[in-house]
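Coming up is one lone chain in structure tokens, specifically the form predicted on its own.
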Amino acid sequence: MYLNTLLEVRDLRVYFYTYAGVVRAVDGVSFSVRKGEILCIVGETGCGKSVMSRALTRMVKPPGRIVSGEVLFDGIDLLKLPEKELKKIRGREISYVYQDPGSVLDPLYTAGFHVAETVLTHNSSMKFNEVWGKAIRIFREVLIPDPEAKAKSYPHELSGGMKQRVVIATAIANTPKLIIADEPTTALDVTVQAQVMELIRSLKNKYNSSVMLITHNLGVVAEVCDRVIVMYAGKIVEVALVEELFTNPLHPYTQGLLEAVPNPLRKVERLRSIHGSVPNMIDLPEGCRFNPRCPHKLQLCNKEPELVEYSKDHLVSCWLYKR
């Protein structure tokens, strides 16, 4: 563990027990989040990114179950913490920004009430007038125009960008140490996406928080992240500093992702695609889960590779680097 580590996850496994079989959504994941960094989790839809983020604070619902692992937050294992104590951490020490603000905000309550409620939950001694004033100040911090009026507005009266800012305001209301942003720009147009990402970055710097950003947008990764984790079919296949990942991707899956994205600095007549499809999570291939789609498949690939250090701050799970 690094001295500046805020969160360390060890061998986390989250399975969904269905009538069709067991879905190993997160299967032996280990990583860390350092203080003050923006860590990105990238991968295809269904690779386990969101399930993993919810498992950190035990928010996995049945038929899902956290089978094993440790989630050490400031040295405390959240998976062993009593629910009463964990509630003091959710929304205060660790907060979430979700991708669809329309489903997060209650249409029966005003935007300001959402922030005020979050503050009151963890500061019950505060008077409502104080909390309401704090909500308006936070709205001003997240660059919501005319915050006094917007605080009294209902979600349906706000644009998509404004609703996402309200969700971000709710997330930072108690100055959390870790903000988990689960694809926060998916439902927004390109201009608003850039504004929201810049806002998250500026708030991270202001409060000295850490951010775990879940996304499939490699443009966002290149723009705002410090380190990147690449996931595939419930496993971490590569971890690297953002510049290292883009200049020296090691895992064939990471290489495929980057080759499928337009690069304005290169003249490419046709973008490449990753052959095949994502495996059935109930009936996974033997060994490396990417091996049926891998252009560099070896005989060793029928055995599961471990995530090992290739160079400083660069980890990879691939037999190409273990022979």
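Everything numeric here is computed off the predicted structure, so don't read it as measured data. Numbers for residues come from their place in the sequence shown, where the first is 1.
This protein has a second form, the form predicted in complex with a small molecule, left out of what is shown; the following refers to that one.
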Sole residue of Ser277, Ser68, Ser273, Thr45 within 4.5 Å of the small molecule in the predicted complex, by heavy atom: Thr45
Heavy atom within 4.5 Å of the small molecule in the predicted complex - the one residue of Cys301, Leu315, Val23, Leu12 that qualifies: Val23
is_contact(Leu56, the small molecule) in the predicted complex, heavy atom dist at most 4.5 Å: no
Exercise: Phe16 in contact with the small molecule in the predicted complex, heavy atom 4.5 Å: yes
Contact of Pro295 with the small molecule in the predicted complex (heavy atom, 4.5 Å): no
Touches the small molecule in the predicted complex: Ser50 (any heavy atom, 4.5 Å): yes
